[in-house]
Ligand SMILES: Cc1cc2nc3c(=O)[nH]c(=O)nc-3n(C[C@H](O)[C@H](O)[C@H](O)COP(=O)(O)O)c2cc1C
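Form predicted on its own, single chain, as structure tokens, below.
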Amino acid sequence: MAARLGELAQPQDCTTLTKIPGISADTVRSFFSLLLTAKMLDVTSATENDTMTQWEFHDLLFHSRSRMGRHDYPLGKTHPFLDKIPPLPAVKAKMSDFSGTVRAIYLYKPDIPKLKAGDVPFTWVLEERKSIRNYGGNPITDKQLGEFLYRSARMRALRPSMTMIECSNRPYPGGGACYELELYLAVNTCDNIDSGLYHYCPQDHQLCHIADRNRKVEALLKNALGSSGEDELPQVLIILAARFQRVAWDYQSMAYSIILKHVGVLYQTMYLVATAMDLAPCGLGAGNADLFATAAGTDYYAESSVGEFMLGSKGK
């Protein structure tokens, strides 16, 4: 019967499952009847087969398990580890390089009230937003990068929380104000910032140096190049990593689903800011989480990459 179960990984007609030698059709029907009674099988019509065939098992499991309707596990903001495990802090400590030295670069801060009064219209930004994978002749500048990060991802305020001790406020929305996403920058070329790997500190608006350009940083940039389908390395690759337990401490059943939603809203925020600044943005659909964790020196299960975003100067 193990062979029969293996075949059921995809929608099947019962007649195709009675052809394995040594097992009678009556035995197969009895076995399927047992599975149906236990609600371990779904019956689909022929017209539904195309729909079910296009679901991968892990995607359908993730869809059903992270939403209500098909399970009775606790779901939502249940604080499953309250009084058991302390929550992670709202702000990650500044990162050092692999020698243990903290090397921070102070970034440019734009005048937000001035931008509110004179920035390009919001509808223009929405209509002009698009992915741009080719860059101008001159690289993005440190001032442009500083403004971009300040407008899209800085920490605007830190506030106390009754359960998580502290939460923060940032330019993009975040479920439960957890703000578990961390930004790492693999810099290929940027005026006044050396090529290498950096961590963005949203509280002090700084870049903390992790490593000079090495084979791992080079591999991250080339991996992004492969995902983009172009032949030009990104000037700056922004890697979105998640401190998973910051969300899992607060939410059950839907923690990873929430993290992916946060990746989406931060992508959109970065797209709109880059468009308003006349820069070249492009979100990517895939990246190498193992490679990132090795390059940044993080624990894969505690903090690894969940999204990648390319940024550079815009060509004429």
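Start at 1 with the first residue shown and count on from there. Keep in mind that this is a model prediction, so the values were computed, not measured.
In what follows, reference is made to the form predicted in complex with the ligand, a form of this protein that is not presented.
* Indicate whether T189 is a 4.5 Å heavy atom neighbour of the ligand in the predicted bound form. => Result no; T189 lies far from the ligand in the predicted bound form.
* According to a 4.5 angstroms non-hydrogen atom cut-off, is L279 in contact with the ligand in the predicted bound form? -> Output for L279 is no: heavy atoms all beyond 4.5 Å of the ligand.
* Using the partner position in the predicted bound form, report whether G69 sits within 4.5 Å of the ligand, counting heavy atoms only. => Result no; G69 lies far from the ligand in the predicted bound form.
* Asked: K130: heavy atom within 4.5 Å of the ligand in the predicted bound form?
  -> K130: yes, in contact with the ligand in the predicted bound form.
* To do: Answer yes or no: in the predicted bound form, does the ligand come within 4.5 Å of a heavy atom in every one of S227, Y267 and Y271?
  => Yes.
* Which of 232 to 240, 203 to 211, 131 to 139, 176 to 184 lines the interface with the ligand in the predicted bound form (heavy atom within 4.5 Å) -> It is 131 to 139 that comes within 4.5 Å of the partner.
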